[in-house]
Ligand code: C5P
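Just the one chain here, the form predicted on its own, laid out as structure tokens.
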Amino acid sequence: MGILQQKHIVLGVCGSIAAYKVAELARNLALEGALVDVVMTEAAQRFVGAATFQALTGRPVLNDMWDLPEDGVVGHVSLGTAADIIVVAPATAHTLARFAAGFCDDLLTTAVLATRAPVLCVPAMNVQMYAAAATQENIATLRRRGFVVLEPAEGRMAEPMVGKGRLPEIATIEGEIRVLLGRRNGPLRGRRVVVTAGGTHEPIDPVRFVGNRSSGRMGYALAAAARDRGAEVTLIARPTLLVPPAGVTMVPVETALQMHEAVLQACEQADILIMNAAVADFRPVEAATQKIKKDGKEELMLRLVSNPDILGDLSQRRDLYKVGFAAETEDLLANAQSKLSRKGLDMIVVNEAVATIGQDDIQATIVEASGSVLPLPRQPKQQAAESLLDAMVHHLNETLDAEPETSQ
């Protein structure tokens, strides 16, 4: 089940021109199975109608703490106490000031004051208003109290002005919600997970390289799935057109040597390694400093040398739960079992290379060190990542040390 399924999310919408953008957030959360209660301030209703949010969430929009369904006179308190998370977006300077002062004179401030759930504030306002000393002091106060306050984006504002004050992208806000929910309730909370993704590029000259068709989609999906389960995730990958998942630390690399160094360093403090990257087995002995010209040549000979074996170098780390991938063209299961044993893995995921590399979906089989084999149906890589993380979490308590303390 996804991290947002059946989560009670209170979405506070304040009076800002950016309020219309938050309708997309409400829709996305509801489509993921969250129970979204939208609370609109009086000013917010001057920008977006309540009917918009009610249609997108399938739940009545709340704005009057004296007129609440079912809960009666205590409803204004129970809204906050029942929430899994409260998200205030856009958060205006006025609303941030009221939170900092501890006001509880409307439904939103009362819910925030009564909750013990994480509170995520997403400011959006005029450039000068955001930079004002009073606003910055209020934000600092809220952060000291445990509120999470996202930094606004920079760019062109509604008025003819460019600067810091725009509402962050909806994907960024949703990613932060997933981080907060995962680190409060997720089965990997307190764990450090390293994920590698994509193929490496081994330079031949300044414009050419030895590489493969790996898109990085599977690794990015695995990083997002680990994040949703509460892990602190480091994603090591060659930069692609994909947007790294919000809430994940991205370490960009280009070559196998760079990935080798980055993985070994990241794994010094890690609990889990998911080695999904399609690392080139060989690299040119020496890359030309200038572009190689054809100049009538009929042949070009490249001398290649073996790249380091990243998993092999970590094979003796018994305290590190290691998941490998095997993209094969023949004898899939036999090759996977051999690699699992040879590299001291806890789990390996094997797939047919030609039908998977560079594609949007995958048909894979999970093989565990215990000998169990779990075939997965062909499915989008995001769904496959969820299945893999579920299988991994199922066996973690047997292979890792005792559970760490829950982080709040």
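For every residue, the number given is its place in the sequence shown, counted from 1. Just so you know, these numbers come straight off a predicted model, no measurement behind them.
One more form of this protein exists, namely the form predicted together with the ligand; it is left out here, but the text below deals with it.
Proximity of residue 325 to the ligand in the predicted bound form: non-hydrogen atoms within 4.5 Å are present. Using a 4.5 Å cutoff between non-hydrogen atoms, residue 308 counts as a contact of the ligand in the predicted bound form. In the predicted bound form, the ligand stays beyond 4.5 Å of every heavy atom belonging to residue 79. For the chain shown alone, residue 277 is a contact residue for the ligand in the predicted bound form, at least one non-hydrogen atom being within 4.5 angstroms.
Interface residue among 59, 378, 27, 339, judged by heavy atoms within 4.5 Å of the ligand in the predicted bound form: 339. When you look in the predicted bound form, the only residue of 106, 281, 205, 261 with a non-hydrogen atom within 4.5 Å of the ligand is 281. Contact with the ligand in the predicted bound form, defined as any heavy atom within 4.5 Å, is confined among 171 to 179, 244 to 252, 139 to 147, 317 to 325 to 317 to 325.
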